[in-house]
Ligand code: FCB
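To begin, one chain is listed below as structure tokens, in the form predicted on its own.
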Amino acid sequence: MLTFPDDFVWGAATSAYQIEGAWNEDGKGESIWDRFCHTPGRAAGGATGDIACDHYHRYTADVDMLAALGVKAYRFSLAWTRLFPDGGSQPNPAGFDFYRRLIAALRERGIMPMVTLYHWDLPQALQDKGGWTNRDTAYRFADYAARAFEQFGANVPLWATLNEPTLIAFAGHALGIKAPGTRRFWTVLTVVHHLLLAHGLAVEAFREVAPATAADLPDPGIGIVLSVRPTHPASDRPADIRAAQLMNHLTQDLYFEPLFRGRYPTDALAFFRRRLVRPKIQPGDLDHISRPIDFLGINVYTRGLVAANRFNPAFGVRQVAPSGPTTAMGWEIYPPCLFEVLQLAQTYTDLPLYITENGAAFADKTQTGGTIADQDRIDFLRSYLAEAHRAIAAGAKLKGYFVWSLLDNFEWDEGYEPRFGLIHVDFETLERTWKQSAHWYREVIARNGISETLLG
């Protein structure tokens, strides 16, 4: 039996656009993901988040499922456009009422809310003004964050400013495969800088508002969620080693360095400078960005394997297909990456750490009687949790784990085919059904650990 610390926080995670639906109801404004998905050819199968899991109307039942799982915490995001439809200062009362009801439902069931302020769904009205290439967006974000702290802070002890800025910057603005869908490599560094500036300004707003949580909740804290996919060289050739180092500079150091050391990494800046891309840094920006935070959230799923490729004009690398088992997303199942990213985080900070996303998509099988068998997911989660336990034993200040995801949901540009949920969702009827992994995770939480008897 691998037992976790008594105060370890077991949770589940979702995001607003992926589950809420009600994309234009009750005063909600248009987000960049609404615009992206309503543009033909953007998302697989023409899928949109218009309905998704209809969590907006079914949140009470979904919270009941969280309670039945026994989770101690639930990580979810606020839809900026549900609160401020055009990203400005005019609030939408119906949006605030929805999140008050959701938070109250969680609190009534003894579940701690962990709120992410930005999980990719920028107001389209701000995108029309340049989005994250426009410095003003960082200030609009800070204003929105301050209002959220004021309205919900008494019942929300943990706040995350941004989710996965590296994917926002590269997948959304260089590769164009996620919203806003632009392919303008020269904007990436500006986007990164404005995202981190927004984070820093929101942290300062949090300190100014100084929300005091209810007596039965932990002291309030704020952090950020980084996606970390450690990149390994496909061979021991020096060129491949350099290619892996470059990708780690661009996907890890580019965020850890300014957040925790108040500077951008020299190697990453040199990479952009060779391509005539320079950051638009104003005096004092890095002071804002490096304001002390209270915890670090890490999303981890897999590792990357790369080799040098001089024919790739952007990065000079190519992705190498893994030789071992993969998930339905084609991601290598590589549990040691979780231990590796926790070790990496400790080289930058001694803050409390949370695994804010970890999970896998598989082709789940419905058996006779309606049982949904997903032993692959159980095996995946157990192997990664074993690495979490190993990291704690090695000294990592890992305080909690949030499985991705509670529900099968809208998987961004991949549409509805990939299923990450512990709970199966029939996207025709929206009926929820527990998978075997949900029952397994409930037992893990109840026992506060994993053992051989929980493998199936």
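Please read these numbers as outputs of a predicted model, since none were measured by experiment. Don't overthink the numbering: it's just position in the shown sequence, from 1.
If you look for the form predicted together with beta-D-fucopyranose, you will not find it shown, but the lines that follow are about it.
Quiz item: Hey, in the predicted bound form, is His193 touching beta-D-fucopyranose, heavy atoms inside 4.5 Å?
Solution: His193: no, not in contact with beta-D-fucopyranose in the predicted bound form.
Contact between Gln127 and beta-D-fucopyranose in the predicted bound form at 4.5 Å, heavy atoms? Contact check for Gln127: no, nothing within 4.5 Å of beta-D-fucopyranose in the predicted bound form.
Can any non-hydrogen atom of Trp331 be found within 4.5 angstroms of beta-D-fucopyranose in the predicted bound form? It does: once beta-D-fucopyranose is placed as it appears in the predicted bound form, Trp331 has a heavy atom within 4.5 Å of it.
Determine whether any heavy atom of His173 comes within 4.5 Å of a heavy atom of beta-D-fucopyranose in the predicted bound form, and answer yes or no.
No - in the predicted bound form, heavy atoms of His173 and beta-D-fucopyranose never come within 4.5 Å of each other.
- prompt: Which pick from Glu164, Asp121, Asp285, Asp240 sits with a heavy atom within 4.5 Å of beta-D-fucopyranose in the predicted bound form?
  reply: Comparing distances to beta-D-fucopyranose in the predicted bound form, the residue within 4.5 Å is Glu164.
So which of Phe295, Tyr74, Phe98, Tyr301 reaches within 4.5 angstroms of beta-D-fucopyranose in the predicted bound form, heavy atom to heavy atom?
Checking each option against beta-D-fucopyranose in the predicted bound form, the one that comes within 4.5 Å is Tyr301.
Partner-proximal stretch of 46-54, 411-419, 60-68, 30-38 relative to beta-D-fucopyranose in the predicted bound form, 4.5 angstroms, heavy atom: Result of the contact check: 411-419.
Practice item. Residue by residue through 385-404, tell me which have a non-hydrogen atom within 4.5 angstroms of beta-D-fucopyranose in the predicted bound form. Key: Stretch hits: a single one, Trp404.
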